[in-house]
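There is one chain below, alone, in structure tokens, taken in the form predicted alone.
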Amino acid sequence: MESNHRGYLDMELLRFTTAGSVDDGKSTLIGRLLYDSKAIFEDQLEAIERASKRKGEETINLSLLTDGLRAEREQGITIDVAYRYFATPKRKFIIADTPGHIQYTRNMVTGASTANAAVILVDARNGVVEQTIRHSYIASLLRIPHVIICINKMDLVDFDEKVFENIRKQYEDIAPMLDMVDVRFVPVSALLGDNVVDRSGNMPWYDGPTLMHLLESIHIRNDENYLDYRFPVQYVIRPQKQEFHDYRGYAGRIAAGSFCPGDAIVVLPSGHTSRIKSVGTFNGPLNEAFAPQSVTITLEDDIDISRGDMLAKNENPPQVSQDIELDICWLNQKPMQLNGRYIVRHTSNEARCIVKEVIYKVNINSIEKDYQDRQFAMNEIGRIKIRTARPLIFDSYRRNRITGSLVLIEEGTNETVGAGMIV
């Protein structure tokens, strides 16, 4: 099985998000990564050179590579999530450059929701500030497995080792409150390029990896859940052709574990059991398929299965319930209504639901819980309970980010109003 994994994940894709206070240099850092790793086309480079000259700047402003909206360039801030793709000989990367402002918290949640790693910038002159705690809390809430703290602008503090060590200690003091597993620290100067792609000659006291080396070498294969077995059914395939007269296949994306022909499975929520007859893709049958592959599964028995059902194994079955407790980030300008009715979308399932209870809200700058305030406005985060019209099949978000996440949708407008992580 391991050899199959290795073959499938050759040239791995790492998704990472960047976060930090306004003017901490996120866009410059990404520009530097792209520039020093030779991932910029000549016409892109010429365009930002011209734009930098128009703004009267002496050197190339690398932040213009990611701040694509005109308002972002004019204000010098990041407003929306900017996605950038690049590759090195070791890995492919998708960067989500997310805004630092508190009023764009929902944008950060969106950009970070699929990330393997978070790069959080800290200004060496200011140390750990409220925004650092806020961004770290969101990274921990979204269960981003790997966090890299980039202590930036080391050139403005004379590349002083004591400044780096003090900020590292500051952060290590708050990390236990945030339930983080893998945290690394790198002193950098995004403006000059120190320790971004190339090792810095200005900080001989730092003998750790550069940011690029960390991004290329962080081990992410174990981030997938191979212990549980989850296959949400997205589509039932019935060709209705003479040559496939009795064919009934179940298409979807494996959310956890692996599936092989002959495996005993249980269909949820009905509880019917069967065995897998075949596992295949457009290119033909497979002896084994594993997360996150998209496949079609056929069963030995003719069972009533539809979109939203889940194939699992009896070991470590998911939960099936109508009462769900979840952490929520509210995304809409219209406040959340207690006892309000919404549509919940979870994996390939959809059901109506009602917000039964607000347990608490979180002050995301101090991580304090407020048990009195029951109003949820845009960008606010807290814990609620919902009741669905029919059972959902789920895991906790901590266990599986796919089967543990959901969105709330307003019935009348069809707008996505909340992003939820099941407790």
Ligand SMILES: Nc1nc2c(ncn2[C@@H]2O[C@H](COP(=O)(O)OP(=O)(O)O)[C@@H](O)[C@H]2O)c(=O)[nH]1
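The first residue of the sequence shown is number 1, and the count goes up from there. Please read these numbers as outputs of a predicted model, since none were measured by experiment.
Not on display, but discussed next: the form predicted together with the named molecule.
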### Message
Does the named molecule, in the predicted complex, lie within 4.5 angstroms of each residue among D228, V233 and T403, using heavy atoms as the measure?
### Response
no
### Query
Using 4.5 Å between non-hydrogen atoms, is V22 touching the named molecule in the predicted complex?
yes
### Query
Might S189 be said to contact the named molecule in the predicted complex, defining contact as any heavy atom within 4.5 Å?
yes
### Message
Contact with the named molecule in the predicted complex for H146, defined as at least one heavy atom pair within 4.5 Å: yes or no?
### Response
no
### Partner contact for H346 in the predicted complex: the named molecule, 4.5 angstroms, heavy atom
no
### Partner-proximal stretch of 205 to 213, 267 to 275, 189 to 197, 326 to 334 relative to the named molecule in the predicted complex, 4.5 angstroms, heavy atom
189 to 197
### Task
Just give me the single entry in E172, E165, E130, D155 that has a non-hydrogen atom within 4.5 angstroms of the named molecule in the predicted complex.
D155
